[in-house]
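Next up is one chain by itself, shown in structure tokens, the form predicted alone.
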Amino acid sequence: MRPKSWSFAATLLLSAGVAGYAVWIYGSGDPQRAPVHPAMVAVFNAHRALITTHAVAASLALLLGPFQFLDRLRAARPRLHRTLGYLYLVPGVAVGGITGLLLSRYSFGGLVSHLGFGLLAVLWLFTGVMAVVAAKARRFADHRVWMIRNFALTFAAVTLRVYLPLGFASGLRFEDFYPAVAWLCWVPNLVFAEWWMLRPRAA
């Protein structure tokens, strides 16, 4: 299997796993299926519809995002590529970003978490808008750059689930490490995306 195929398969597997996890938790209406802080359960009960909408929209973006970077699909089925892109950006990113921004003020961990998740939502929406603007102007190279940035932010849903068990394994209290996770789940993703796009290419 080629490196691109490996990376696509791994990204899709991780994305599908986290999307399934979100549906399992929030679709059931019982966030206590996972080990969460009691304060987070209270927030879920107070904003059940908003959180469920965010989880479903973000899960849709996670599932569709990897397919946007399949060169063969884009070349062979451009209409399908555009349709999947529309579903990714509108019911996925737009709905997920708006609900995420609304929910950031209720995030566990105080002001640090509010700012971390709030900025994530703003950048998620901004990069999505810029991707659409570039595509409408037929600046497809710019469109791809903005989509890479956007999916790096979408993938925060996955990296957040990586940092949580690491935080628990560190021995720190949840309330001590979770505010850092609100930033760590997306800032390194974005830095990596920028590095990946700027790295020297083999001749």
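These numbers come from a predicted model, not from an experiment. Numbering starts at 1 and follows the sequence shown.
The same protein also has a form predicted together with a small molecule, omitted here; what follows describes it.
Between the small molecule and the residues 121, 94, 84, 132, the one pair within 4.5 Å by heavy atoms in the model of the complex involves 121. For the candidate spot formed by 18, 44 and 153, every residue has a non-hydrogen atom within 4.5 angstroms of the small molecule in the model of the complex.
Proximity of residue 139 to the small molecule in the model of the complex falls outside the 4.5 Å heavy atom cutoff. None of the heavy atoms of residue 64 is located within 4.5 Å of the small molecule in the model of the complex. At the 4.5 Å threshold, heavy atoms of residue 128 stay clear of the small molecule in the model of the complex, well away from it. Residue contact with the small molecule in the model of the complex: residue 149 places no heavy atom within 4.5 Å of it. Heavy atoms within 4.5 Å of the small molecule in the model of the complex map, among the stretches 139-147, 46-54, 165-173, 64-72, onto 46-54 alone.
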